[in-house]
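Shown next as structure tokens: one chain only, the form predicted on its own.
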């Protein structure tokens, strides 16, 4: 709907007035950061059709990169975009594997994610190892530290909105249509004269940079980084966000991020069964509609086909 995006942005801007509790604002800030991370994979999988299980690696590169740069005295406003750029550049290591398809690409990127996790865990001189990095600086704009949780939320939500709008515009551009053609039929796209490897590589770098941006914001929001935050399971978590939201839908990626972040918190009342219920809910969402949350309204309106 034409008014859907403006209304959603207005509601997001007014959210702190409705949620004065600091913990709830912390959760919504985490949703905004997770949405950026999910949008990065959504662009890669939903537009170009590349399945990556290495998003946690780029997330970690952005997080540790920004934390180390601000620790060395670089301003927050410079460290965050530089961390995103560095995450994008780090993905160039994987450019040769973009020639692979389907599960082969997924396994190759999984290997890179495992390598990144081991580097984070074992290179104590750089990352703090298993103890992690502590005392990371707060987000700052115009020389002022953002100590109010509402201000941090607005910053992360604004960046999530910019990423959403930017990736949607890119997906609708000539470049996005070319990437979509590759997703539909790579051989036909190559026969049509498209530079398939180059376009897939560019999508991969863009996705990694977006993941790095999310990692940088995560570092300054939580102010502590540990290896567990960037394990293989983080890549799986991001994939769950995209799939339950609806592959191919940017709005669905945001919905999926909200579900994955908020639902486990709401299920704390069930104690040890929390993850069991969460897993069942994810399975139920997948069974209800293959289009995910974004395709749920259409699935509800769809009438069963008449029998001949």
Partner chain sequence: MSGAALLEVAVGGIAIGCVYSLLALGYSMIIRASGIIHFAQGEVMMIGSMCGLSALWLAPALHPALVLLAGMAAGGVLAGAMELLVYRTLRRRRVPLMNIITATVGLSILLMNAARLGWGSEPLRYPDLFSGAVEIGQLRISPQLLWIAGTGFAIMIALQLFLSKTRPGLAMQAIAQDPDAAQLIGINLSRSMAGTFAVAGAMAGAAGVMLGSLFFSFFEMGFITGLKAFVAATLGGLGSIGGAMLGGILFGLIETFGAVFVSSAYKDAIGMLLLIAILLVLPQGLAGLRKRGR
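Positions refer to the first chain, counted from 1. Predicted, not measured: the structure shown is a model, and the values here were computed from it.
What comes next is about the form predicted in complex with the partner chain, which does not appear here.
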Would residue 99 show up as a contact with the partner chain in the predicted complex if we use heavy atoms at 4.5 Å?
yes
Considering non-hydrogen atoms and a 4.5 Å limit, does the partner chain approach residue 11 in the predicted complex?
no
Please determine whether residue 103 contacts the partner chain in the predicted complex, using a 4.5 Å cut-off between heavy atoms.
yes
My question is simply whether residue 236 lines the interface with the partner chain in the predicted complex - judged by any non-hydrogen atom within 4.5 Å.
yes
Go through 67, 53, 33, 61 and name the one with a heavy atom inside 4.5 Å of the partner chain in the predicted complex.
53
Given a 4.5 Å cut-off on heavy atoms, tell me which of 145-153, 214-222, 122-130, 68-76 is the interface stretch with the partner chain in the predicted complex.
122-130
Residues of stretch 98-119 in contact with the partner chain in the predicted complex (4.5 Å, non-hydrogen atom):
99, 100, 103, 104, 107, 108, 110, 111, 112, 114, 115, 118, 119
